[in-house]
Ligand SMILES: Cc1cc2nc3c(=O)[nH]c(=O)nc-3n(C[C@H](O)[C@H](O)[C@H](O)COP(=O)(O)O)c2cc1C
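Quick heads-up: it's one chain on its own, the form predicted alone, in structure tokens.
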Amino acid sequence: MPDTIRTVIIHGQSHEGSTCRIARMIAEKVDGETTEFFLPRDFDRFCAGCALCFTKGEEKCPHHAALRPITEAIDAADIIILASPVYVFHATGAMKNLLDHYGWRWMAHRPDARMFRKQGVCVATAAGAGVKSTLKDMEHSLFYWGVGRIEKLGMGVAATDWDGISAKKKAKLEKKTSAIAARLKFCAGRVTPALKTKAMFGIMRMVQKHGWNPPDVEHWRNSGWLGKARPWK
């Protein structure tokens, strides 16, 4: 286990409500160093759909400089927590917009080798329904980034703020966050990607052997992944 576990929390809204509280509970129980970002407060640029990140390189994105603090925090973290309340059965627009900016980092393009040794957590709450689809919105990006282990915590809290959540549900959240934090601490520094992640990497490796996008093919070749090297070894 690292001497200090570094966690980054990306909140899908700027309001510090129930979802924010739960994400912080996990980070506090991991007991390391935590960095937080709130959307859209800390990043409010909308993806322009210019595709420059794919065809020319991520540094060509018109929002590259504004996005850099979040990217650097993600790269430095051992644990990535994505937290979003449910908005019409999905993650917030601010969260989706941020994740749109990282399409170039998916395994289909230019995944970062460090991601395969990291852990991710998706957190979502709703007054009613929609938790599963919201968690899936965030899990998709963590998985396709190559994040080695992914935890999920979703709950219909039947309330619009923390004070309105019943004592019974809060007790359940205490138990769930403690269990997740314990697993995160145990696995820190010893993450090996799941078979599903390795299989997807293998499929993308075959695609890149006959790739159409030069920056992607170059990235895979320079990483040694078109040969015997793998990012988790």
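Quick note: we count residues from 1 along the sequence shown, nothing fancier. Note that the coordinates shown come from a computational prediction; the quantities given were computed from them, not determined experimentally.
From this point on, the text means the form predicted together with this ligand, which you will not see here.
Only one segment in the set 72-80, 113-121, 94-102, 155-163 has any non-hydrogen atom within 4.5 angstroms of this ligand in the predicted bound form, and it is 155-163. The closest heavy atom approach of Val86 to this ligand in the predicted bound form falls within 4.5 Å. A residue is said to contact a partner when one of its heavy atoms sits within 4.5 Å of a partner heavy atom; His15 meets this definition for this ligand in the predicted bound form.
The shortest heavy atom separation between Ala126 and this ligand in the predicted bound form is within 4.5 Å.
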